[in-house]
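One chain is shown next in structure tokens, namely the form predicted alone.
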Amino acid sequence: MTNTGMQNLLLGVTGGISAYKSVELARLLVVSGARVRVVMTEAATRFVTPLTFQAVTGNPVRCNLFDEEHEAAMGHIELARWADQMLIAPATANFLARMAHGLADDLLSTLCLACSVPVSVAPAMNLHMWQHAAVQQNLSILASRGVNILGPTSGEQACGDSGPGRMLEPVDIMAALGSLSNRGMFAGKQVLITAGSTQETIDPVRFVGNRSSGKMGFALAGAFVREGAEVVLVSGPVVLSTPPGVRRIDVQTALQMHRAVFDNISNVDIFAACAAVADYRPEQPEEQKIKKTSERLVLGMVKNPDILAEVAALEDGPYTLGFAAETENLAENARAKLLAKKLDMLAANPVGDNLGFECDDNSLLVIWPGGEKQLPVQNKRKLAQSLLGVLGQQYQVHVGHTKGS
């Protein structure tokens, strides 16, 4: 079994029938070289006994927040400090909801708040529960906070239904954890990403901006980290948590983003321009608030630098991935942008009909010289992972050509 690279892993087990799989998962983790401690919810003990996990891991199992022996020394905080990684498998719909809303009414949910290490969850539930809007919204909340969602997969379920909601098999969870431990397709690569919008100052209280939420760029940053890359994220103003393992630089204007990008572009292997950078900025921002004294206000606007085009024009520069949000003629406009800026790849998405800006879901038409691939509508976190699958293949082709030239 491949070593997961995690020395101390905290395994949370919640009350679902898939808890029996977690025994094998714990065994595989121990065999891989991880030190494993198990925390069970009260409901989980109805499916598998704590003694079973203790026998597999060689460590006592914790179930109760109000354990006088351990809590005299703030045992739950010590557990949180001990862990290098936290994995909850299975993660039931109920427990995902409690995580999403920050409840801390038992030991495991308290640890979710106390742990500052990467957290992964392996959902397991009936297909109708999995498809429920409340569950999907809770997952989106968790993903936005950097929680890694592992699965689920589709298949026969204990209730007799067949479909999505089945917990990943232990070996597949192990493979996913391995990719989270810098063993992914971009292991060791330096990646620079821009995300969000820019705000161009009109006066001290007003700005010109756009509706980009930054969700796609942040999802992409998290996906790159899960695939082993070292990521710097230059972000415009957003209301999002930084994905674990990402170094974030906050900016406001296009000129600030331009400066941050070129301050960090050295030795970058891949540059992903996901930000919706303002094309123009007010030529002369006012020092004082503009008063409403006339029927019309005319702003003189000047063009902002084209960050993506400048990076693409660098001699021996990085592999360039651009993004294009279009309201019409998606493929035609995207192909024109790819050629005009001499990019290696471009991901184009339609805007409108609950897709694109300020939405959790999107689709992408990914194009490159000589090919294209349509990625269907899905959650942006999953979409980012799908995009990396396409990017990984084309990047390897690019690297092969570069070495052969």
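Please read all numbers here as calculations on a predicted model, not as lab measurements. Don't overthink the numbering: it's just position in the shown sequence, from 1.
Another form exists, predicted together with a small molecule; not displayed. Remarks below refer to it.
For the residues 91, 275, 233, 87, the 4.5 Å heavy atom test against the small molecule in the predicted bound form is passed only by 275.
Only one of 308, 119, 96, 192 lies close to the small molecule in the predicted bound form, with a heavy atom inside 4.5 Å, and it is 308. Among heavy atoms of residue 109, none comes within 4.5 Å of the small molecule in the predicted bound form.
For residue 216, a non-hydrogen atom is located within 4.5 Å of the small molecule in the predicted bound form, even though that partner is not displayed. Heavy atoms of residue 78 never reach within 4.5 Å of the small molecule in the predicted bound form, leaving it off the interface. Residue contact check for residue 323: one or more of its heavy atoms lie within 4.5 Å of the small molecule in the predicted bound form. Of the stretches 220-228, 137-145, 298-306, 111-119, only 298-306 has residues with a heavy atom within 4.5 Å of the small molecule in the predicted bound form.
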